[in-house]
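Starting off, we have a lone chain in the form predicted on its own, written out as structure tokens.
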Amino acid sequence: MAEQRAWWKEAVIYQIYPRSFADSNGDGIGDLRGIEAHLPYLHTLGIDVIWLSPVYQSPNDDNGYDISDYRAIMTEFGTLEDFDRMLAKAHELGIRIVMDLVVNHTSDEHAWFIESKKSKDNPYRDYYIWKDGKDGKAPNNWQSCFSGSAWQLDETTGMYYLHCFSKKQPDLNWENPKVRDEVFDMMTWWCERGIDGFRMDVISMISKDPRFPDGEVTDGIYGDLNPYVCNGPHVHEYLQEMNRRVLSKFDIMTVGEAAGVTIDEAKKYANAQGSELNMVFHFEHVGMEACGRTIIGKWGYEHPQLSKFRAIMNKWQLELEGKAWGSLYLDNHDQPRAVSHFGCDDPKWRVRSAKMLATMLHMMKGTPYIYQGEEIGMTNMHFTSINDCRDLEEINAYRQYVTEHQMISAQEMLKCFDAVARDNARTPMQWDDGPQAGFTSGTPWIPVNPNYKEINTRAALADPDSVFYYYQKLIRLRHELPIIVYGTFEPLLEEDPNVYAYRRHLGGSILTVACNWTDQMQPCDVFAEGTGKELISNYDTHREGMLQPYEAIAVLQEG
């Protein structure tokens, strides 16, 4: 059966982390007017959709993912009028805007929670998850995703509230239909304002195991909450209700961040019938599953291994075929920089490596996502001190594992931060080689990566062989060739330790892709059956039967 066409399958998405994208007023913090000013740049790149990380009113305990007012804009970012103007400008350029929807939790400064904690019989009490303690301690042993207990004692009522993340991010109680009404009404308000969809933050966590049992202790301190808060008993029921009441009424795209998602669950979330979401993000390929090991918890510094990474990617490509749509990404605001994590950010190989990774990803089946700066090959930061860090996850992990329990040395923790810390993705966008990389005329909220003198958009736009123009060509090819969007996926060379290769098939045409993950020449004979037409490569000349260091080639044979 032919794949059902949809604009969001054919689109390329660009994620903007507003705080770090472009500052228009010199306060060191990116803002909506800064984004608006750079929309022509994104139009030149050729992207179709912007996924905007949260811009709602927030006290910023977790950089905007702790929302105090869903219908207001964060003061540092601008006003609702600024948002409307940016949205209109984007639409003029043919760019859609997808908002970040954060409804697993709110800020503890949200009006609902302020009411909820006043008394046990407050009308808003059941908007959140409150439990009595057990044996003078928290209701269970769960560790929050940001270290420490997932429960916080409220002195006023003597009860604990659940916070899967920061203690300033209390989890909403989705079992309460009033909560769902509030959320769906807010979503409708934004859709009617003209936005083009939602990226849904940790949406797989909105239904909890009602038993709230202790979790397995993995680090000697706290228990793992993930099995009891991810893909819970009512999550699909809630999303189907959301679809009926909101999503199905608008021509929008939806993607769910689905922590702990399995392929079987993904087939439900992103089913071909369209009863829930368009697609989900899974994390297998960016997590410890793709690496050799970690030091403690999520923290480590091993590079992903091609054999493990390929097995994960191929599995998702093959098993979603005809059943659900996939999303394609290598980095985002929660992940290290793609070229540093998966490739090689050494100056000798950075450009080749970045282009190779882009080829591998953008020729696969699914909707591709580009994180700001990825299109110019931005790299990870080097952290010399915990004082360099701004991310709550890093700061809490350092306190728990280094300061309080001495389970890891400060030096080794910082080495882990260099490899996988979220702040790697949050350093300011590198626009030029001037002061603060052209991000701000003031002092940036987080330091600029020192390599901005060499890696910046001004240099990229001046160099015809830059990573930017390579991404531009990849995007153009996806728009021009249906086989890249809709072709079926066939793995190749599945045992090769150094080369990632695959084919796509559509209507008798064959697209063959081969990528060398190493800095050494590698044998590769997947193109031996016929020459075809070379669509794109990061080398001008080729060696027959071989791939040069970090070489990528995509060849199309017309049917």
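When you see a residue number, it is the position in the sequence shown, counting from 1. As the structure is a prediction and not an experimental result, all values here were calculated from the model.
There is also a form predicted in complex with a small molecule; it is not shown, and the following applies to it.
Between the small molecule and the residues 167, 390, 180, 426, the one pair within 4.5 Å by heavy atoms in the model of the complex involves 426. Put simply, of 195, 408, 202, 288 only one has a heavy atom within 4.5 Å of the small molecule in the model of the complex, and it is 202. Partner contacts here mean any heavy atom within 4.5 Å of the small molecule in the model of the complex, and among 126-134, 395-403, 341-349, 326-334 they occur only in 326-334. By the criterion of a heavy atom within 4.5 Å, residue 365 is excluded from the residues contacting the small molecule in the model of the complex. In the model of the complex, at least one heavy atom of residue 257 sits within 4.5 Å of a heavy atom of the small molecule. When contacts are judged by a 4.5 Å heavy atom cut-off, residue 422 counts as touching the small molecule in the model of the complex. In the model of the complex, at least one heavy atom of residue 102 sits within 4.5 Å of a heavy atom of the small molecule. The candidate spot formed by 62, 65 and 146 lies fully in contact with the small molecule in the model of the complex, as each residue has a heavy atom within 4.5 Å of it.
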